[in-house]
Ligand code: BG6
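One chain is shown next in structure tokens, namely the form predicted alone.
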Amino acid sequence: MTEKQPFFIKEIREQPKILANTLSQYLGPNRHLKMARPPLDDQTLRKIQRVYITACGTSYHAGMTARYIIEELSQLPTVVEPASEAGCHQLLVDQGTLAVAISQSGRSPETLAALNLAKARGAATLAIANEVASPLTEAAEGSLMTLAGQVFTLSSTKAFTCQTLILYLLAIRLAQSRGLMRDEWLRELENLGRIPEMARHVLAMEDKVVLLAKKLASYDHVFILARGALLPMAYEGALKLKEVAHFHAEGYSMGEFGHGPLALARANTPIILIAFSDEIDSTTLALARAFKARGAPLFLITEDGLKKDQALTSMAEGFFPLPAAHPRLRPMVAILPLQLLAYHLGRLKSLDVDNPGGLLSSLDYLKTDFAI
């Protein structure tokens, strides 16, 4: 009798199709970006001077990635914080702020509270969610739907990549409204059009992740290192390992790791490093040499082919090959092997990956007080 596949792996494998559907929903003829309803209309956006993004868990990591892209394309100062922290300080938002609240279900009480706080202080409010009718979308001035389809597992995968994609499109919309992207936005959208195929390419190499999972299964801890827009993917990958595989993992900035945490690099603590060739510098190589000297096993998530850094790969015990991608597309590509790794480690430990038990919710989260 064939074993029934968990929803978690099904939803991971749905991502190329879902990303393509999301692009088709928000891109009209001639690559026209369909994001002009309030608060994303020109009149409102001309008043925006800063962006405030708030969310919980996985959605928070999507927001962290968006900060890099929004600031780069639109030159708008962007703050990202966990929704649970919004009421713990003087929230400096006003009528010149676009407040973006992200939630898979649209029912996270912390995210809703943060949105309402920003709204009370005059900010224009935008919800990004996967549920059309939810407290978050009803409270916000406008909303963008992730179109991930029905979600059956508690740990977000396909909704997360859709959130990241939509936030990228939002960055383009903000830049357009400020007159910063004329012909360039077409090139950005052409790049985004390659994402579904890139995702398909990565997922086709699942067997390589299985081998990595088997190697890591004998350990109790792992550090995942990255920098720049890939750093939130290190955080998200570590979160997936903790919640789905019950495997202690920590995401860390590559540069910051040498300021203390390096003391924990030893033979019983493997390191996963996410870096494309143009991001590998003397600091990266110095860290790799330090790992090797301390006996810490090093595994790479890096691009394949002629561009891969031979000096770095020679110090690694294994690497997962990624397709070459524009820097702003890399987060949506690099997270996929980490999602797969969480799944396969969880299965090796005979865990119920659809009900990981690390969230204040259950599979019928729509009926509970807590949601992703």
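When you see a residue number, it is the position in the sequence shown, counting from 1. If you're wondering where the values come from, they're calculated on a predicted model, not measured in any experiment.
We do not show the form predicted together with the ligand, though everything after this point is about it.
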Tell me, yes or no, whether residue 91 is in contact with the ligand in the predicted complex, where a contact means a heavy atom of each within 4.5 Å. no
Even though the partner isn't displayed, in the predicted complex is residue 59 close enough to the ligand, meaning a heavy atom within 4.5 Å? yes
Contact test in the predicted complex: residue 302 vs the ligand, heavy atoms, 4.5 Å: no
How about residue 161: is it within 4.5 Å of the ligand in the predicted complex, going by heavy atoms? no
Quick one: of 177, 125, 105, 137, which gets a non-hydrogen atom within 4.5 angstroms of the ligand in the predicted complex? 105
Picking from 253 to 261, 211 to 219, 114 to 122, 153 to 161, which part of the chain touches the ligand in the predicted complex when contact means heavy atoms within 4.5 Å? 153 to 161
Checked 234 to 260 against the ligand in the predicted complex; residues with a heavy atom within 4.5 Å, sequence order, are 243
